[in-house]
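Let us start with two forms of the same protein chain, each given on its own as structure tokens and named structure 1 and structure 2.
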Structure 1
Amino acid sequence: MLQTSLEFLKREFFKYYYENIDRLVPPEPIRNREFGFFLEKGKGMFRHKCFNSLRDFHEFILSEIPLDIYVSAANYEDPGNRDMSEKKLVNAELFFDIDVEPVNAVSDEEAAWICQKCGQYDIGLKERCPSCGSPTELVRLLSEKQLREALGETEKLIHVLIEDLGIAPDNTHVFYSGNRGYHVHINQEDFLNITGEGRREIIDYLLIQGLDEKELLNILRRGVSIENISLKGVKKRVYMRILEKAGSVEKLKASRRETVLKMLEDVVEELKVRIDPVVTIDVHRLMRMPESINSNSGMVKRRIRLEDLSSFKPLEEAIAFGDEEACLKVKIAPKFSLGGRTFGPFKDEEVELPVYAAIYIICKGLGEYAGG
């Protein structure tokens, strides 16, 4: 990123934070949390930072204008200590991360490639570079469709958390990460002290890992009807879905063992919640600060109310910047949608874009600022 682009970014970030500083409220108690920041592109994280008050935190943000802001899921006795074991963990929120799955099939205009070997690039889908023959790198921009799928997984997650694990909706905080996925923070008293082993069990429950297939197979193949079954929780969901797919208890009973087993595997694949297990197990993890800007996209980690979840439009509702025009030198960008508009494709051209779209392209490393 060129210095002019960085200055442009910092100026726009400052405007956002200055006008929205009241939205940046870290989870309580603030003095027990560790904070981390990326202050400059390409530099390491500035972490082990702690604040005594919300005011100190806000002052720091407005004077440093960080590119990214993180806060610990954990509460520590001494959050500023540089030695992780000396921080003295008190407890930690449950934290879930759902990322979009990479998709391969996109239309030609929505794709672009770059050859890291010879430096060629163009719009379209090419697995190999036409001039040097080496494998290309796909330019990935956010797609509505992928984000929709991730949102579907998030809805699945929330359903299980509330229905099975008994998490109160008021303690369930959902966010669009600002880039490629969704975050769910659980701030419920009796779940704060769950140990690593306990978190592991919750992860396995969500991913349906370690399921006792034998027992389920027996029930399924004996043709026990739902009224006579005492299943509850994830096993019941699996059972019901298989029954639904098979059509009836009788049909299920008549099926071969291998057929039922295959159905079981398919249903588990369908019903499991695709969380990233490593994130949830790690109590020391830093979470992106709610309502802060994600410098990988220039969008905001936006809080979503549970009742608005199914209608949430990330590429419109997480925009941080205005729509006045900015001039941008774009290297390569496939067609993309943002803020309810469609842009591109662009290649080696100077274009006028709304500030939010310009910042998006700069953050994605596909263009540089060329004046306002």
Structure 2
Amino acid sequence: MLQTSLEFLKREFFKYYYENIDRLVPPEPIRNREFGFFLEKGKGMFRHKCFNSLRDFHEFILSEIPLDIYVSAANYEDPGNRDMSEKKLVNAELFFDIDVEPVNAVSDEEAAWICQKCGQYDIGLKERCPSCGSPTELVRLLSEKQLREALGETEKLIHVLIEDLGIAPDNTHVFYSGNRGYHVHINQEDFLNITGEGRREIIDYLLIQGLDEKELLNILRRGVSIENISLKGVKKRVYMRILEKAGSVEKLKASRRETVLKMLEDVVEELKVRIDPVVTIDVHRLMRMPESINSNSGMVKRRIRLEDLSSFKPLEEAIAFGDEEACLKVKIAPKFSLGGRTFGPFKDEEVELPVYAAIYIICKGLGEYAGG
């Protein structure tokens, strides 16, 4: 990233934080949280930072203008200690991260390719560079379809957390991450002290891990009712769903082995929630600060009420910047939609774009600021 682009980002980030500083409120108690920041692109995280008050935190943000802001899910007695074992963990919120990979089914104008070996690039889908034959790096920007898939997984997660694990809706906080997915924070008191093995059990339940499919298949084929067997956790979850799909124990028992096996495979895929397990297990993990800018896209990590999840439009409602024009030199960018408008595709062009779209392209590493 050129220095002119970094200065442009910092200037626009400052405007956003200055105008929205009251929305930037860390989880309580702030004195017990560790903070981390990316202050420059390509540099490591500055972490083990702590603040005594919300005012101190806000003054730091407006002074340093970080590109990314993180806060610990954990509470510590000594959050500023650089030795993790000396921070003295008190407890930690459950934190879930759901990202969905870019969709494969896109048109030529919705993708671009770059050859890292010889430097060639163009709009379209090419697995190998036509100049040198090397594998290419494909560029696919965020799409509504991709984010709908991530939202579907998020809704699945929320259903399990509330219906199966007994977490209250009021303690379930959902956020669009500002880029490829969603975050779910759980701050229910009886879950705050779950560490290590307890978190792994929750992960196993969500990912349908530790399931003895052969054993469960035998139970299913015998048509044993749930009252006559002792099933718990993942096994019970899968069994109940298969029984629901079959209609009755009698119909299940009468089904062919291949049919039951296929039903078992389908149900496992249906129930599996595609979370990042490392994020949830690691109690020392820093989570992106709510209402802060995600420098991978220039959009905001935005809070979503549970009742608004199905209608939330991330590529419109998480926009951080205005629509005044900025000039950009775009190297390569496939067609993309943002802020209710469609842009591109672009190749080796100097274009005028709304600031929010210009920042998006810069954050994706596809162009540089040229004035405006």
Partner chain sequence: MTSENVLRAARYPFLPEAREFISRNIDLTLESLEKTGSEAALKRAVERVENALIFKEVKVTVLDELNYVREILSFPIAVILVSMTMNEYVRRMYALGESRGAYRRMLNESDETLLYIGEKMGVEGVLDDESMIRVKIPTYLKLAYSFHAPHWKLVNRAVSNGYVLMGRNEYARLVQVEINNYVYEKTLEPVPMGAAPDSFRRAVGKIVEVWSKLEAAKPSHISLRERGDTPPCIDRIIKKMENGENASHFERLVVATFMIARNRSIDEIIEFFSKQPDYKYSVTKYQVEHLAGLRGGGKKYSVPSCRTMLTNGLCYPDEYCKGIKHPLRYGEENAANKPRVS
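For numbering, take structure 1's sequence and count from 1. Just so we're clear, the structure is a prediction, and the values are computed from it rather than from any experiment. Heads up, when I say rigid core I mean the largest set of C-alphas that superpose within 1.5 Å between the two forms.
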property	result
Pair member which, unlike the other, is the form predicted in complex with its partner chain	1
Rotation (degrees) of the lesser rigid unit against the larger between structure 1 and structure 2	29
Rigid core fit between structure 1 and structure 2: Cα deviation of Asp212 in angstrom	4.3
